[in-house]
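Laid out below as structure tokens are two forms of one and the same protein chain, each shown alone and named structure 1 and structure 2.
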Structure 1
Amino acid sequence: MNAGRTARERARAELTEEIKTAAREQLATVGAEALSLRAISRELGMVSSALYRYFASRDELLTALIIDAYDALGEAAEAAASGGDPVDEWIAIYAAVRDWARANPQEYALIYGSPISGYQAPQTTVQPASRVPLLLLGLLQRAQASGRLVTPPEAPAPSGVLAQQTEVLVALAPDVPPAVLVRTVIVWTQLFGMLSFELFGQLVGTMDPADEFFASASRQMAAFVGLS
């Protein structure tokens, strides 16, 4: 009985991956807005009612794909983290994020592209989405403890920004100075702005290919948050 259950579980896991693979292929051809469980079932030779036993709705399948994408990005970034020189590690994490995005443009667009009509990401996506920012905050905390983080001068910030910072970032990285936390949000958004410009063709004719531009920007962003 146990062996039978294990075999069924293994078969279910394999078919689940086949469904997600077919869904990723759809993302590449028709985009997330047009993702269709019925089309996936036809491609896999399944009746649609059978597929709905694996994913009850399009949104449930989208959530699974989004979690997979965030986890894959997080794994790539974490693999690049050396725990050594903080500036080198920062640059390596940025490079790993870029490499993953370039290798997986459809998954990147799914998590950092345009919102999907009618879809609202559930709470289960928050932890996977937090892996890279938590990695960078951990790096900053280690740099602060080792004297490798220079606190930049604090620029005046609206009270609402300070309140948001207090509620979220300070709770995650209590040892990092507030001025650094504000700058961390700035460089986080800058990272994905650069990636989106590159992946969606906005650098053509200017900084394309973008290798040297990205490497230089990564080092400047490390300096901007105070890493030395």
Structure 2
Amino acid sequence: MNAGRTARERARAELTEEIKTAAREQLATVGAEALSLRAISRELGMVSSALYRYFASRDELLTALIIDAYDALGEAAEAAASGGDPVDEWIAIYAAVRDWARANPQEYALIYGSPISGYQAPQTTVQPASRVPLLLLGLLQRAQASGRLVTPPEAPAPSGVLAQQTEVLVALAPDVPPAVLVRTVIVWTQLFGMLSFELFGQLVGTMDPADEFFASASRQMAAFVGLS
């Protein structure tokens, strides 16, 4: 790195990173909606207006943080993908996603919580956002190839609009039967619903702490999609 030519460009790249770091610190303490450009600038010893040389608006800073968060989560999940036993790998990915979410609750809320009002996520975010689902699809595709994926007999084959919608997923994991693909979306939503409930305090009083519950759910969801 630091292949930037001029001193100006290098300084600019460094300061951009410093701003994001300070923003992430603020994110962790006060949350996304209370993220203040002035507070960031104060921490960096500069004046608030100077930040606008680096990020055109608060929203643009948020977009950068969102993309970084998706990438960090994707990286954590991918690092847990051993390529070994499909069920073990599935559970390892689940655990990695949960660990990341618990370690970075505000960044998790930023990407999987309620959308920030007035903020429209640009198209740039969809690629980083799809890293985790793609990882799970890839796992299923490989499991199918090695005969470790059995289509549950009670899983109904999608028809109508649903069949049409699964086409997108079929293109990504052609060997995985459509019924399993629908179930993959179900467990995908389950995973993040479970995490949101845990992090946002919806489980307090019942399944909190959720370690055991999460472990049980991981296993049962692996079985639900047909992994064995």
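What you see is a predicted model, and the numbers here were worked out from it, not measured in a lab. Each residue is numbered by where it sits in the sequence of structure 1, with counting from 1. The term rigid core refers to the maximal set of C-alpha atoms that superpose within 1.5 Å between the two forms.
The chain as displayed in structure 1 is taken from the form predicted on its own. Residue 219: CA moves less than 2 Å between structure 1 and structure 2 after rigid-core fitting. The Cα shift for residue 35 between structure 1 and structure 2, taken after rigid core superposition, is 2 angstroms or larger. Summarising the core-aligned comparison between structure 1 and structure 2, the C-alpha atom of residue 24 is found to shift 2.5 Å.
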